[in-house]
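The chain below stands alone, shown as C-alpha cells; this is the form predicted alone.
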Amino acid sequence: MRRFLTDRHIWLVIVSGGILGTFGVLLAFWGNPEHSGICISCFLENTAGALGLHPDTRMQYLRPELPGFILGAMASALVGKEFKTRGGKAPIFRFMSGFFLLVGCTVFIGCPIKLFLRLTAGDMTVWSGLLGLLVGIGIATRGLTSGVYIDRGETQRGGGGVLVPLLFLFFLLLLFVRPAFILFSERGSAAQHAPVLISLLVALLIGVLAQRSRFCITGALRDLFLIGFRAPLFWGLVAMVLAAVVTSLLTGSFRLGLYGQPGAHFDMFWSFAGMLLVGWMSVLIGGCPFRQLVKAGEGDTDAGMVVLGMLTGAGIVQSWNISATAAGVSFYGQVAVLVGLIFVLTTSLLFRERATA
C-alpha cells in the first residue's frame, strides 16, 4: 500500500485516466455526438468520409481529436527524448490488424473508450460488448503465456517515424483551410462536434498524458489478468470510469436503461463477437486503437501501419455496409467479424509456432 501511494507512475496513470474520462464526457456535452465524446473508430470513420473514402454523407468531418492525440504524444516523446523511429515487424499483418480492429469496433458501434463512456452514462446495452472484450483479452493473454508473441520492431534509420504524425498534421491543416475536395456533413453525427480549438487542445493534453503514462484500455485489462490489482494501468481505468460517471451525473447525461440509448443496437451476440475480436487483436498487437495512435506519435512505424489499416478500414466498413446501425448488424458485418476472428486465430497459431520453433 505504501508503495502504491508513493509511486509517481501510478499517480500519473490515475491522472491520465481521470482526464480521459472527464473530457470524454465533456466533449459530448460541448457538441460531439452523445456518448461519443471520444471514440477512435467513430472519429476515423468521420475522417475517412471527409477524405472521400466512403459515400455516407452523415459521416464526413475531419475530427481534430485524432491529430491532437498523435501530435500531443509526439511532442511529449520529443521532450522526454523517447521519440525514435522503430518498427519493421510483420507490416502486412499489422495493417490487416488495423482493418479488423475497425470491423470489430463498428459492429459494436464504438471503440473500447466509447464502450466505457457508454457504460458510465447508463447504457445497459454495452454489457455484451464488455463481456466480449474481456473474453478476447483473456484468450490473448493466455496466448501470451503460451508463447504467442509478435516481435517488437527494431530501431530504424531515417525519418519514417514522422510520416504518420505528418499525415495527421496535414489533415489538421485541411480542417482549417477547408479546400473544396474535403467533405463536411451538414446533418447526422459528423455534423455534431465540439468547437475545433477546444477539441484540439483537449486531445493534445490527453496525447501528452497518454504518452507519459502508457495508458491503454485493453492493456489495463490485460495487466489485471496477468498481475492482478497491483497493475498501475488498471487503476487508471478505474479512475477513468469514476471520473466519467461523476461528470455524466454533473452534466445530466447519465441515463440508465436499455432502450433509447444513442449509438446502440440489440444484436447482443454480435456486440459480444465484435468486442471479442477487438480485445484479442489489441493484446496481440500491443494496444487498443487509442494506444496505437499514441505509439504512432512516438515514431513506432508498426503502430503507424495499424493506424493506416484502421483509416482504410474506416472507409471500407461504410462503403461495404459492414458498420452497424441502431437497426442492428448487417449480414456483411457479421461475415466481416467472423473473417476477423479466423484471421486473429490463424495468425496467433502462426506466431506461436514461430516463437517456439
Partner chain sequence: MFRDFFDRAHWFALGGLVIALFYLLFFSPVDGSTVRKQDKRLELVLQEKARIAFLLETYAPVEELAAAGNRAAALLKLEELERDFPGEAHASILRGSLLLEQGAIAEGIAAYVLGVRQNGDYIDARSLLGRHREITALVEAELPLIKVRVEKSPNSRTWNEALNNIYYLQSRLAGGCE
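Positions refer to the first chain, counted from 1. Here the structure is a predicted model, which is why all the values come from computation and not from measurement.
Just so you know, the form predicted in complex with the partner chain exists too; it's not on screen, but the next bit is about it.
Within 4.5 Å of some heavy atom of the partner chain in the predicted bound form lies at least one heavy atom of Ile109. Contact annotation: Gly252 falls outside 4.5 Å of the partner chain in the predicted bound form, judged by heavy atom distances. Although the partner is absent from this view, Glu186 contacts the partner chain in the predicted bound form, with a non-hydrogen atom inside 4.5 angstroms. In the predicted bound form, the partner chain sits beyond 4.5 Å of every heavy atom of Gln156. For the marked spot (Arg86, Thr218 and Ser348), a heavy atom within 4.5 Å of the partner chain in the predicted bound form is absent from each of the three residues.
For the options Leu62, Ile322, Met59, Ala28, the one in contact with the partner chain in the predicted bound form, meaning a heavy atom within 4.5 Å, is Met59. Proximity to the partner chain in the predicted bound form, defined as a heavy atom within 4.5 Å, holds among Tyr149, Phe269, Phe176, Phe181 only for Phe181. Here the chain stands by itself, but in the predicted bound form one stretch of 66 to 74, 299 to 307, 285 to 293, 325 to 333, 325 to 333, has heavy atoms within 4.5 Å of the partner chain.
In the predicted bound form, the partner chain lies within 4.5 angstroms of at least one heavy atom of each of the following residues of 26 to 46: Pro33, Glu34, Ser36, Cys42, in sequence order.
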